[in-house]
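Heads up, the chain below is alone and in the form predicted alone; it's given as structure tokens.
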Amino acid sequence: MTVSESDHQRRPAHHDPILQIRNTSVTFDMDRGESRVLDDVELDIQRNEILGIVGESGSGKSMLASALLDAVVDPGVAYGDITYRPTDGEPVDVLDLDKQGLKELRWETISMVFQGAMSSFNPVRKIRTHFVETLDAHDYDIDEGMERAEGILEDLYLEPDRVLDSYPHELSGGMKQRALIALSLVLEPEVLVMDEPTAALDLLMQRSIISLIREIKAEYDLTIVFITHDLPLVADIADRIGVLYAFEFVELGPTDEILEDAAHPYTRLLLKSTPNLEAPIETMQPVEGSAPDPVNVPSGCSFHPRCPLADDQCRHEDPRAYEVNANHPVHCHHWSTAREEISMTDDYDVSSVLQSTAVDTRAQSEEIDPVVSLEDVEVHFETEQSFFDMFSDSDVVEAVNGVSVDIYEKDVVVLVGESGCGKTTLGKTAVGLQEPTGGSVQFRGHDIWDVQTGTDTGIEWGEIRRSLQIVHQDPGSALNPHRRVKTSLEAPLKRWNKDLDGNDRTQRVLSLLEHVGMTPPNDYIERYPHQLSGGEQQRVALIRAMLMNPDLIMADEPVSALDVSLRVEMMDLMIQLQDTFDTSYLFVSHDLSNARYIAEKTGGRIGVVYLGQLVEIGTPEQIIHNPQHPYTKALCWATPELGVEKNTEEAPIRTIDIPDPTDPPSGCRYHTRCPNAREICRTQSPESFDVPDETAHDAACFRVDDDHDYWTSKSITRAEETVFDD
């Protein structure tokens, strides 16, 4: 099942609405007032289109999805008009259906793919049971339905028997997400609503899911509503894009028009704030300010407190829908001048920017000693066994296998790769939170585990623990929910700066809160974590780590949970704090755009990790514009880019799913997915080669060496089909 580029031409939506939304709102009664989380929305969803809906967290995206199925949870109330228009028959008022009518509408007519695939499945029931129960609940023939389910799973490049006979935890994140898509299609719906379906997936799986969405849309004659906070992701497949801000649409139009000539200031600023691989980093600026409180939405234009074009009219008069072009309304009084006032491009020489930020780390290594040095590090885990497996050998996961890397003063190393490739384990090992099963980790020349056991007495263990810190991916769970911000931030000062009295500690905390933009600091210092936004929680977590005055911070996906509009702002803050505290970062990310931004802006390096091995490392310029390892090339291909045409002929990777880490492939671990694999790759594991004519650029691939036996070895891929095309 393939879809050619000609099957997906960008076009204005034809006027054949399958769903019409008129004056639709969703409200919640709260102690402090009415919370309006969807505000008088009007929208036509055209038959057989892919409509992308984007916006920041809390903008009302998920509420719109729930309203389309009249599934807003109590005590929320949806009101207005949502009309389903079948091809044959009378229109149906969705919000006026009885219980039986809703049962028939949900899944059979409008189906939903929820954000968390794991939480959508019962963990103690096999995938097959979920399909059977869904078919039975809607009075479908079980045998016919399961035959259809198997066909859908095959269309999604899954093995039906294996998936259906597995429990959810036995499937990878990408496999669970595809199984959930199959479950949503088993009752043959007309409309598929997808709420952040790729949010928890890494780049390659995101790209493959996007490719599959195009295919299932054509195969099953679907209308798709794709909801996301990631504009580059949806821009690759959507016919139209709607931009939600403060619980209402501020702009809606054909994808090409939105990307090339957006008319609303928020849309233009959102586009500029998105990290990408090609644009100069100087052009990437965060959207200043924060989204409004649903209980206290500003009068007039809701965006006016953050808008650089706001005037008295914006502050007092709610903008109507102005027509930019046919099928392109925008809610902005100044839409005609926004395009001139908020430029989308700046005159930067990309090559000169890259050259000025590149750092010769190899020359640096000859002049100074590293802060942390990893030498041939291995971390292997034995998998847990059930009672029935107690007499058999445990499976061993080689989470990290033979990695060597040095981190210097004020250095930044960004580890990128798919989920489960060993990035986080490697990072935790570097900061002494995970003991290696082989190799060594040294802090300023001292093996940290020799220090911990007392074999090396040249430095105290407490000094190492203070010097090596971590910022977790989810700051909400990393902060004690029962402690105020003040208590959490004063704790490291009490332990490591005992000469400070209570007033000095408080003043230092207040100063840092103001330094990171949390003003007035006296307000924030008394709050609990749940009273902070995600970005504010991450700021507090960063401050807490910095108060240790560490030499190295391992930042584990520190911006992945944030809106795209906040990621640049958070990375800029991390760079600012690095300059203030003279610390180094080991930054873990699955997003190559984020990796490029922070590494290029700090003169750092990007390390590419695959199945526990460091397969390539170099400057951002080298990794992005001259990748040597086929896996690095696949990551670059998978990274969504606004306004950049991707090579659509064939995906540079042979299979979607990563191999089982308990049974990694022999030889080069990437050879089972590599489009350039040869016989020698099956049996020999490549060493790390210096890339010719490039400093500080190494790649573990035979192709780097022009004289290697690889070039005379027989190809193993020419007779094999590529698993998915784009």
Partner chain sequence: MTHDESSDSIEPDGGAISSPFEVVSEYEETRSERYRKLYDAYVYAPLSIILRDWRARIGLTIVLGFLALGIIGPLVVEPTRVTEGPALVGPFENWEYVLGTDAQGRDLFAQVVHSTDTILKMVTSGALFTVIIGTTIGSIAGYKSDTPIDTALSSITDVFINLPGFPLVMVLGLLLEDHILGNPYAVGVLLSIAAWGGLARAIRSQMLTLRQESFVEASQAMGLSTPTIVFKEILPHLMPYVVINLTSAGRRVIFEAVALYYLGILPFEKLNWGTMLQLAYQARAHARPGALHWFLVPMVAIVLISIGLTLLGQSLDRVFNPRVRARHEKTTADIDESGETDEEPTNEPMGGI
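It should be emphasised that the depicted structure is a prediction, and the values quoted were computed from it without experimental measurement. Positions refer to the first chain, counted from 1. Throughout, rigid core stands for the largest set of C-alpha atoms superposing within 1.5 Å between the two forms.
One more form of this protein should be noted, the form predicted in complex with the partner chain, which is absent from this view; the next part is about it.
Visitor: With a 4.5 Å heavy atom cut-off, would you call Gln622 a contact of the partner chain in the predicted complex?
Guide: Although the partner chain is absent here, Gln622 would stay clear of it in the predicted complex, with no heavy atoms inside 4.5 Å.
Visitor: I'd like to check something about His316: if you look in the predicted complex, is any of its heavy atoms closer than or equal to 4.5 Å to a heavy atom of the partner chain?
Guide: His316: no contact with the partner chain in the predicted complex.
Visitor: In the predicted complex, is there a heavy atom of the partner chain that lies within 4.5 Å of any heavy atom of Phe689, even though the partner is absent here?
Guide: Phe689: no contact with the partner chain in the predicted complex.
Visitor: Hey, in the predicted complex, does Ile470 get a heavy atom within 4.5 angstroms of the partner chain?
Guide: Contact check for Ile470: yes, within 4.5 Å of the partner chain in the predicted complex.
Visitor: Counting only non-hydrogen atoms, choose the one of 40 to 48, 664 to 672, 60 to 68, 696 to 704 that falls within 4.5 Å of the partner chain in the predicted complex.
Guide: It is 60 to 68 that comes within 4.5 Å of the partner.
Visitor: State the residue from Thr87, Asn325, Ser336, Asn522 whose non-hydrogen atoms include one within 4.5 Å of the partner chain in the predicted complex.
Guide: Only one listed residue qualifies here, and that residue is Asn522.
Visitor: Among Thr457, Gln576, Ser343, Ser299, which has at least one heavy atom within 4.5 Å of the partner chain in the predicted complex?
Guide: Comparing distances to the partner chain in the predicted complex, the residue within 4.5 Å is Gln576.
Visitor: Give a yes or no on whether every one of Ala199, Ala491 and Met546 sits within 4.5 angstroms of the partner chain in the predicted complex by heavy atom.
Guide: Looking in the predicted complex, the three residues Ala199, Ala491 and Met546 all sit within 4.5 Å of the partner chain (heavy atoms).
Visitor: Between 572 to 598 and the partner chain in the predicted complex, list the residues on our side with a heavy atom within 4.5 Å.
Guide: Read in sequence order, the residues that approach the partner chain (within 4.5 Å, in the predicted complex) are Gln576, Asp579, Thr580, Phe581, Asp582.
Visitor: Just checking, between this form and the one not shown and with the core aligned, does Gly432 shift 2 Å or more at the CA?
Guide: Shift at Gly432: 2 Å or more after core fit.
Visitor: C-alpha of Pro254: shift of 2 angstroms or more between this form and the one not shown, rigid core aligned?
Guide: Comparing the forms between this form and the one not shown, which are aligned on their rigid core, Pro254 does not shift its C-alpha by 2 Å or more.
Visitor: Taking the rigid core as the reference frame, tell me whether Thr580 has a CA displacement of 2 angstroms or more between this form and the one not shown.
Guide: Thr580: C-alpha displaced by 2 Å or more between this form and the one not shown.
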